[in-house]
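There is one chain below, alone, in structure tokens, taken in the form predicted on its own.
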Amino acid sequence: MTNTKPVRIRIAPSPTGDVHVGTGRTALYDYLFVKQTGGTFIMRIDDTDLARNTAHAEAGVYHGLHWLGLDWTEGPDKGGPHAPYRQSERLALYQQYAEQLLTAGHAYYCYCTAEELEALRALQTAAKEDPRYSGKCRDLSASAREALSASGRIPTIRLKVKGKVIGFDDLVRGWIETDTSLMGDFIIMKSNGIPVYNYATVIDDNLMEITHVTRAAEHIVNTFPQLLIYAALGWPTPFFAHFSTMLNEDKSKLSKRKGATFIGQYAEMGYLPEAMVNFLAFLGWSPGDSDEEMYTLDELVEKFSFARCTASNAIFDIKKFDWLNAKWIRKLAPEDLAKRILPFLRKAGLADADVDINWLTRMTTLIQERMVRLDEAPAVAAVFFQEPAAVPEEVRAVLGSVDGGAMLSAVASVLSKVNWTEADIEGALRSLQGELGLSTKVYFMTLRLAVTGSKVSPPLFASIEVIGRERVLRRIENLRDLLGTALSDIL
């Protein structure tokens, strides 16, 4: 049986406090599909690992997905017709359907201890057999079960598995099948009353009327036991889509040891959500015959389809991500970018709470082309906030035999009187260069060192205007002092 109901699709993260990039990609694909079909996007929190769950961690999940621009219609934070949306609040439901499976003869109590199961696995491994449960407790008599319970053993509940070939038509990969005789009877409820992942997922997906189950390729192995649970309960199966596995550039599995793996980490590093959405979309999907590489969320809604998803592994190419992020930075309006870099400037101690946003926007236009990530803003913008430290030896090497003191005195005199606009500053300084008869390299490199403390900086004349007359004159005076003559004695 297959669902033909209106699209209902869910994302079901564990509340770890942040969103893994793989979860972010799945949520993105879900969101795009729902927007295309007019379906419903559901947030469910899979929090049966009670020791790790906190309200703070759950809030982190919401924050990460909202940062990407994604939102949902139903969930723990929004309510909905299938509440509750936290698995920890649905334990009675899992027990109810487990009892139904027991009554129907599709499941049974297993009293084997962890030590007995480990001994069985060791024997099977030694015999080079695939580890699976032997079925020892499948046909226990009522009296045997009573005796085991009386001895203090608390049972798990296992699903009976009949050996046969089962499969499903994956929306990304086509037909996939397996032989369940290699699987063995598996646990659906632990001895502490907590459901295992595959069982709870089926119960929730059916009761929440989920039509499409989407996830990464490593979950294919979980789909087969879930199909058996659907069949045992007589429920229709949803559509399944398993997306490509994300790998590091060296083809190893994406892991914390090889770099950042959580959405929040990339936000803190200064990646834009627009770039992250764009980048994640291409990790397992392509737009077809288009060469365009920059897509907004709305444009992706128009283009996305499961048919264009690939089963091949996706390489998390950080160099490509950097390139894409830089492109998105350059695409932003300067005022928007100024607001986005402000938290990074404040964190670095450069900008205070009452910084003039208009001034900051003017400054941002000068550094916009010089950033790959927002966390680079403090380094490239420091010249506009802090006095530079020009090195006299470096300046003298540029000046050669030129009298640097006299040159800087003349520059200061001109700048103290000029109308303070970029065009007038440039005109006055170029005119002075002609009067002094200095080469462009010596003259402007010395000016750049005086104003910015570096041979490489944002555009010089625009920088002079943004830094401001008083601060520029002070910087020239500082360099003049370093060269041995106090500029204040000349002006």
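Keep in mind the model is a prediction, meaning the values are calculated, not measured. In case it trips you up, residue 1 is the first one in the sequence shown, and so on.
What comes next is about the form predicted together with the RNA, which does not appear here.
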| All of R158, K327 and R448 within 4.5 Å of the RNA in the model of the complex, heavy atom check | yes
| query | Is the gap between E58 and the RNA in the model of the complex 4.5 Å or less for some heavy atom pair? | reply | no
| message | So, K417 and the RNA: in the model of the complex, are they within 4.5 Å at any heavy atom pair? | response | no
| message | So, W67 and the RNA: in the model of the complex, are they within 4.5 Å at any heavy atom pair? | response | no
| task | Answer with yes or no whether A144 is in contact with the RNA in the model of the complex, where contact means some heavy atom within 4.5 Å. | result | no
| Heavy atom within 4.5 Å of the RNA in the model of the complex - the one residue of Q95, S191, T361, Q386 that qualifies | S191
| request: Heavy atom within 4.5 Å of the RNA in the model of the complex: which of F239, F304, W235, Y197 fits that? Just give me the one. | output: Y197
| query | If contact means any heavy atom within 4.5 Å, which of 72 to 80, 203 to 211, 276 to 284, 396 to 404 contacts the RNA in the model of the complex? | reply | 276 to 284
| note | Those residues of 426 to 461 with a non-hydrogen atom no more than 4.5 Å from the RNA in the model of the complex are R430, T440, F444, M445, R448, K455, V456, S457, P458, P459, L460, F461
